[in-house]
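The chain that follows stands alone, in the form predicted on its own, written as structure tokens.
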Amino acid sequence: MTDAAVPLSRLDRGRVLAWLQDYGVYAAIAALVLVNVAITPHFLTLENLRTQLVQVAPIVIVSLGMALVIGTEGVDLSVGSVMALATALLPLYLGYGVVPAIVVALLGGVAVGLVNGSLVAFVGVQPIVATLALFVGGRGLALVVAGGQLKDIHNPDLLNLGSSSMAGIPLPVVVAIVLTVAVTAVVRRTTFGRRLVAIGGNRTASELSGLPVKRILLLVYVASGLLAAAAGILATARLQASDPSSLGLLMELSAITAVVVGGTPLTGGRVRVLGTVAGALLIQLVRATLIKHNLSDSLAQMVQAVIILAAVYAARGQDGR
């Protein structure tokens, strides 16, 4: 092998890894759809499509917040616990009406985000440590609030959030689409989005250049908590029950997988919103495929772990590390 062949092979490898990071998730979805068309009965039916979209909506919403956090070179392990806290708060305030109950549940997510963001931005705690505390404590608080019990939801206005449609599109899907558009606009069109990406790229340089780093970090974690709470509300409405012991379990794994597979590097400095949505769809398709063929959900979790490792390898290989 000549000396010129070595850098050429590295260049080719870098191009392949770059393509995989940018477009691999879309190729994986296309391949999985083709496999399901061939081996899964009734896969292309409208009913199945509707079911898959409704089920993936909460994952998309949580993943949007996770993408913002990871874009700053952070991580939020508390998103599943925030969903549990939101579902625990809802029944306590439904007697005052569905709007006050939803507001309180959203404020619960904001409160968790404020704690996470304050620990990261002002105290200097590592994101994984700060959010790990709420990962454990948040669900414990939710169980205390709910008295450790599952509660059926009978409020028709809340249940409509999980069952009604708008122009034939299920309302949870509409909410996920609206939030996707909003987050895309924030990342691409606003000063906040540009600063967020700059902080993830180089926090020290951002501080030296006078950017309000602490404030942006705080707002990013608040946004993540708010979106996780919104996902918890929609999931509660769809399930017609408040179950803080199980709602949102392992959601942090699904959200991180969606973000990383979608092309947002764990090292920050970039946020790919549409890629994140595609990553969430891929997770849902993997899980649905395995379940439809009588394979356990535990296997789906193992597949997610493999997908994360592959995505991280592609990102690191592209960076030359």
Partner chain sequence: MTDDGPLLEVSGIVKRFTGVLALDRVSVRLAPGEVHALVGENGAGKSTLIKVITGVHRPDEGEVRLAGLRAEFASPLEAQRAGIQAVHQEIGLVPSMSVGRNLLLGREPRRRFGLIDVRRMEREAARTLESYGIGVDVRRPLRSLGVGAQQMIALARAVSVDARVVVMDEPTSSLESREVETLFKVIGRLRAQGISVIYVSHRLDELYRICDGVTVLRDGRVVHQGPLAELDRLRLVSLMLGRPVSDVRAQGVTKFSGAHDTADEAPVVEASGLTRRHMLDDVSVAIRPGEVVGLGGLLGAGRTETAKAIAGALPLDGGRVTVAGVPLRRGSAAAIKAGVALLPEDRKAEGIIPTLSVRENIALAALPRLSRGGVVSDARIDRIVETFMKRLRIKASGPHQRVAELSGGNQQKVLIARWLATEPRILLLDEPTRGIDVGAKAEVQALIDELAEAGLGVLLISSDLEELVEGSDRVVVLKDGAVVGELTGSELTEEGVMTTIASHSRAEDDGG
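This structure is a prediction, so every number in the text was calculated from the model and none was measured. Residue numbers count along the first chain shown, from 1.
Form predicted together with its partner chain: not shown, discussed below.
Stretch 267-275 is the contacting one of 267-275, 291-299, 50-58, 34-42, since its residues have non-hydrogen atoms within 4.5 Å of its partner chain in the predicted complex.
With the partner omitted from this view, the residue of 92, 133, 249, 205 that lies near its partner chain in the predicted complex is 205 [heavy atom within 4.5 Å]. Contact with its partner chain in the predicted complex, defined as a heavy atom within 4.5 Å, holds for exactly one of 106, 141, 211, 175, namely 211. Among residues of the shown chain, residue 197 is one whose heavy atoms approach its partner chain to within 4.5 Å in the predicted complex.
Although the partner is absent here, residue 188 sits close enough that one of its heavy atoms falls within 4.5 Å of its partner chain in the predicted complex.
Its partner chain is not drawn, but in the predicted complex it has no heavy atom within 4.5 Å of residue 97. Although the partner is absent from this view, residue 201 contacts its partner chain in the predicted complex, with a non-hydrogen atom inside 4.5 angstroms.
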